[in-house]
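Single chain ahead, written as structure tokens, the form predicted on its own.
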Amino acid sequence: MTKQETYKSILPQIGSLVAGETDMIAKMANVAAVLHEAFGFWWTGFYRVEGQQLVLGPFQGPIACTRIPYGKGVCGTAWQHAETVIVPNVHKFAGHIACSSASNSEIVVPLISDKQVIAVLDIDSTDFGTFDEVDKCYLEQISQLIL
């Protein structure tokens, strides 16, 4: 199954899991689990905006950084610019925060509500160049389902 086919197959599942649920943490937890299981990513999870930092939310994978300052690392940069950031090689990203030395590529998708970033979806891979425009397209759609 191609990456695109996998996304297409999990979209209805994610839609059902979040439909009618009002708790953002519950929705994030199930979305992280579905994505992690479907793709076998190294780390899949959310950071929530609290003041001037991102605070660790629901995730699947090894332990993670608990707090990330505004504008720092890939997550903080996606938050600052309110746009998806794809990094084929995190070791070449200026200011990368290495929560795990096993991570080699990353995508971060901001969740935007009322023109404000309220959280980010962060996914890491042990492979280089894992993420592309297909991931960006589908992960942005999935992020909108959480709001």
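Note that the coordinates shown come from a computational prediction; the quantities given were computed from them, not determined experimentally. Heads up: residue numbers just count along the shown sequence, starting at 1.
Not pictured, yet referred to below: the form predicted in complex with a small molecule.
Student: Would Trp43 sit within 4.5 Å of the small molecule in the predicted complex, counting heavy atoms only?
Tutor: Yes, Trp43 is a contact residue.
Student: Considering non-hydrogen atoms and a 4.5 Å limit, does the small molecule approach Tyr47 in the predicted complex?
Tutor: Contact check for Tyr47: yes, within 4.5 Å of the small molecule in the predicted complex.
Student: Taking heavy atoms only, is Leu111 within 4.5 angstroms of the small molecule in the predicted complex?
Tutor: It does not: once the small molecule is placed as it appears in the predicted complex, Leu111 has no heavy atom within 4.5 Å of it.
Student: State yes or no: in the predicted complex, is some non-hydrogen atom of Ile86 no more than 4.5 angstroms from a non-hydrogen atom of the small molecule?
Tutor: Result no; Ile86 lies far from the small molecule in the predicted complex.
Student: Name the single residue among Ile118, Ala33, Ile97, Ala102 that comes within 4.5 Å of the small molecule in the predicted complex, judging by heavy atoms.
Tutor: Filtering the options by heavy-atom distance leaves Ile97.
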